[in-house]
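Read the single chain below, which is given as structure tokens and is the form predicted on its own.
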Amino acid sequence: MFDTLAEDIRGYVAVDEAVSTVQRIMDDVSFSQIWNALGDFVQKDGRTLVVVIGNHDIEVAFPPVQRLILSRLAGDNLPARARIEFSTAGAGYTCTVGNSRIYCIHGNEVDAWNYNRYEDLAKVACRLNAGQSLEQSEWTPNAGTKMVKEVMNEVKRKYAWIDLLKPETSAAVGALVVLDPSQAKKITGPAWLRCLERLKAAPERCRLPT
């Protein structure tokens, strides 16, 4: 629904500025038609809007952001608000379509490079509900987030199409080596090596059955 990694925020996750960041995106004329359409959608009977968290919009797990989305799309219309569901704990969303059971998750759930740490997101949500904050030093980004914020955002200003290259670990990095070697070198620095070591030490992630 929004991409906070493309925003000019402090650190790798918007905490104190989460609401203002999402509000700015909502107010941007480039995106307003989308939010208006979603608002029209939840006004109709028999509709359900399910917001499944990804790795570029992790702030959707925070209660203040969810309240902002509810207000923007449904206002005080209680039936419309009831048609909006948030799936932000990493469990995905399951439903029945015809005679088939459908299981929906974001691609980052099977990508250790971009995996969300839901326990940490829950900790931030608790802090915000209690009127507290989180120091940026308390948040360790995953490798994908680190790459986007420290490398890709700068490169996209000149080569906007590089964001289309997936997977980032091979396609985007390979292109960087040719297009902008100075950016590619950032990915091999000490901070990156520590990040990748944590990635290797992480427990096995949820995988879809083959």
Partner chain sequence: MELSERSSDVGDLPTFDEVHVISDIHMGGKPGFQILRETSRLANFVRWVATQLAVLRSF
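Treat the numbers as computed from the prediction; the structure is a model and nothing was measured. Residue numbers count along the first chain shown, from 1.
The form predicted together with the partner chain exists for this protein as well; it is not shown, and the discussion that follows is about that form.
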Query raised in the report: If you check in the model of the complex, do R10, N77 and N116 all have a non-hydrogen atom within 4.5 Å of the partner chain?
Result: no
Query - Heavy atom of R72 within 4.5 Å of the partner chain in the model of the complex - result: no
Query - R67: touches the partner chain in the model of the complex, heavy atom cutoff 4.5 angstroms - result: no
Query raised in the report: Looking at the partner-bound form in the model of the complex, is L165 within 4.5 Å of the partner chain by any heavy atom?
Result: no
Query - Touches the partner chain in the model of the complex: G131 (any heavy atom, 4.5 Å) - result: no
Query - Stretch 29 to 61: residues contacting the partner chain in the model of the complex, 4.5 Å heavy atom cut-off - result: S30, F31, Q33, I34, W35, N36, A37, L38, D40, F41, K44, D45, G46, R47, T48, V50, H56
